[in-house]
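A lone chain, given as structure tokens: the form predicted on its own.
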């Protein structure tokens, strides 16, 4: 409940800030629709030449794109802007303000900035998921829906943990924006099933920068191709990632000198 109250407060502050420039909202709508249209056009072009891509049919690819835009919206709305601001606060010594608050500092830096107009990507992702589910029909039952929910939560936890670890490096290094850009470049590859890539890239997207757990694995649950072992592995990796990122965060804090040092 405390997390929810804090998140609602930051969401309200973000909305007040963003709505002062309402043209940005319409620009975001246009940009999101353009990105979705380009992704769908590319998928349509590929499927005009074949019936399957790495064993995925068109309806299943639509579900995967829906998950892709859903996770992208959450990342762009909360995690990315908040942790980017955290890096700036460390460089400027402004993190002192967060450390003096009567709440967990990691929680505060993770939700401190909400870009409300990025909810457009979330809505588009949900809409595309709804369309794909209507096309998949009876293939999606209670087991598939439950697996999808668990896989999506695990994927979100893994991606958040990765972002936290990458940005926590700013306690030792001055500028690490390029490392974050590498993540975005690899996340773009998650618009396609990870199984279609060569072995080295498949392992990169699964273990090094595990965006496959955030997009492909949840989509596999909806298509009925997600095995219990993969789901258990995703949940175990999520628990490990959260624990490791928390430990790494605490180590980083011990190296923060602050503005008053």
Partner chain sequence: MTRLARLYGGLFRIAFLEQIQYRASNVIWMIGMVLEPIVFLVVWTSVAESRGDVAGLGPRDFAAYYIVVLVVNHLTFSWIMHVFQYRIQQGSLSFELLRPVHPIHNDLCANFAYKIQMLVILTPAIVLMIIGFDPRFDLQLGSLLAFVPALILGFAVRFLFEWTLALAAFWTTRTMAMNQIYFAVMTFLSGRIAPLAVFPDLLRDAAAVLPFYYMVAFPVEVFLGQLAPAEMLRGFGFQVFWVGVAAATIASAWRFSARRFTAVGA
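Numbering follows the first chain given and starts at 1. Quantities reported herein were computed from a predicted structural model and do not represent experimental measurements.
Beyond the structure shown, there is the form predicted in complex with the partner chain, which is absent from this document and is the topic of what follows.
53, 178 and 198 all contacting the partner chain in the predicted bound form, non-hydrogen atom within 4.5 Å
Yes, because 53, 178 and 198 each have a heavy atom that approaches the partner chain to within 4.5 Å in the predicted bound form.
Listed range touching the partner chain, judged in the predicted bound form by heavy atoms within 4.5 Å, from 65 to 73, 217 to 225, 231 to 239, 43 to 51
Contact criterion met by 43 to 51 only.
Would residue 173 sit within 4.5 Å of the partner chain in the predicted bound form, counting heavy atoms only?
Because no heavy atom of residue 173 falls inside 4.5 Å of the partner chain in the predicted bound form, the answer is no.
Please determine whether residue 24 contacts the partner chain in the predicted bound form, using a 4.5 Å cut-off between heavy atoms.
Residue 24: yes, in contact with the partner chain in the predicted bound form.
So in the predicted bound form, is the partner chain close enough to residue 156 to count as touching (4.5 Å, heavy atoms)?
Heavy-atom contact with the partner chain at 4.5 Å: absent for residue 156.
Would residue 182 show up as a contact with the partner chain in the predicted bound form if we use heavy atoms at 4.5 Å?
Looking in the predicted bound form, residue contacts with the partner chain include residue 182, since a heavy atom lies within 4.5 Å.
Just to confirm, with a 4.5 Å cut-off on non-hydrogen atoms, which of 169, 189, 133, 126 contacts the partner chain in the predicted bound form?
Going through each option in turn, the one that passes is 189.
Residues within stretch 79 to 115 having a non-hydrogen atom within 4.5 Å of the partner chain in the predicted bound form
Going through 79 to 115 in order - heavy atoms within 4.5 Å of the partner chain in the predicted bound form - there are no hits.
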